[in-house]
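Before any questions on how it binds or moves, here is one chain, the form predicted on its own, in structure tokens.
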């Protein structure tokens, strides 16, 4: 049964005439890891805000269609109730730190304090979230003294302690270096493996290819493609519509044009690219290819 159900969803921000989302139909199964890709202005962040209840409950505007999570319809809920089922991580973790607490441990407990969780359960949840996100050694540090990757892990842990049914991430690694990106994707992968439903907006195709169960390609507020990563991420529709592609797919596509890629399917990961080139290339073929 789908835990997320969007039917004919259209949304316009206040004082605008053009919808940012148009006729979105999307179902996500419980425990599924879905990645959302798209060029700038495609409506990816607005989709995140809609899933998290911020649109229309916080941003207002006009929302039509059905937005349903865990059997609850957005129009029939208030934001304070909705966020217990859906956790949203923003692009910049700095915006998600409350500023009301002095240590990471206290920061993670802040949301639980607000909903009246008993102290013993609160401590157990915080310790469990820190362990899963790999930040136990940061418990007594100030959230503002941390690196970007560490802050994003704190932000993810602050969502995890609330035990939402669905985790929505809006480009959580957009401001990070490769080390920070690796740290955060490791945490996201752990969350997905624990059974949490994950909906991730991201531009880094290599990481999406490695972890996502399904990919949604969004353009101009509409779903262009929806399917298996190996099909969506290698589709010629992506580059022709302003989407980025995996470097492995791009290299193999060029090699295919030069006659150096004889496999039927283009790769989306490094391992697939290595296997494909090993089986496609021979020493005798290389000089001929270079001559082209």
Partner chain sequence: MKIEIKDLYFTYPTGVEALRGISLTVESGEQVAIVGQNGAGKTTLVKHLNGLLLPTRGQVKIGGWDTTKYPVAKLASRVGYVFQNPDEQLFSRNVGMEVAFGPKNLGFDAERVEALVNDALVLTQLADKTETNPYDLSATWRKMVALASILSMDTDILIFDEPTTGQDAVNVARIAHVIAELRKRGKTVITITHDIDFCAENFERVIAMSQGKILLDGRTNDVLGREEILASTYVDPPQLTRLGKRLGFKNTVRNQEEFLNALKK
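Nothing here was measured: the structure is a model prediction, and the numbers come from that model. Numbering follows the first chain given and starts at 1.
Omitted here: the form predicted in complex with its partner chain. The next part is about that form.
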Original post:
Can we say 40, 141 and 174 each have a non-hydrogen atom within 4.5 Å of its partner chain in the predicted complex?
Top reply: yes
Original post:
If you check in the predicted complex, is residue 227 within 4.5 Å of its partner chain, heavy atoms only?
Top reply: no
Original post:
Does residue 150 make contact with its partner chain in the predicted complex, using a 4.5 Å heavy atom cut-off?
Top reply: yes
Original post:
Taking heavy atoms and a 4.5 Å cut-off, does residue 33 contact its partner chain in the predicted complex?
Top reply: no
Original post:
Hey, in the predicted complex, does residue 195 get a heavy atom within 4.5 angstroms of its partner chain?
Top reply: no
Subject >> Residue stretch of 63-71, 249-257, 228-236, 23-31 approaching its partner chain in the predicted complex, non-hydrogen atom distance within 4.5 Å >> reply: 249-257
Original post:
Quick one: of 182, 75, 131, 189, which gets a non-hydrogen atom within 4.5 angstroms of its partner chain in the predicted complex?
Top reply: 182
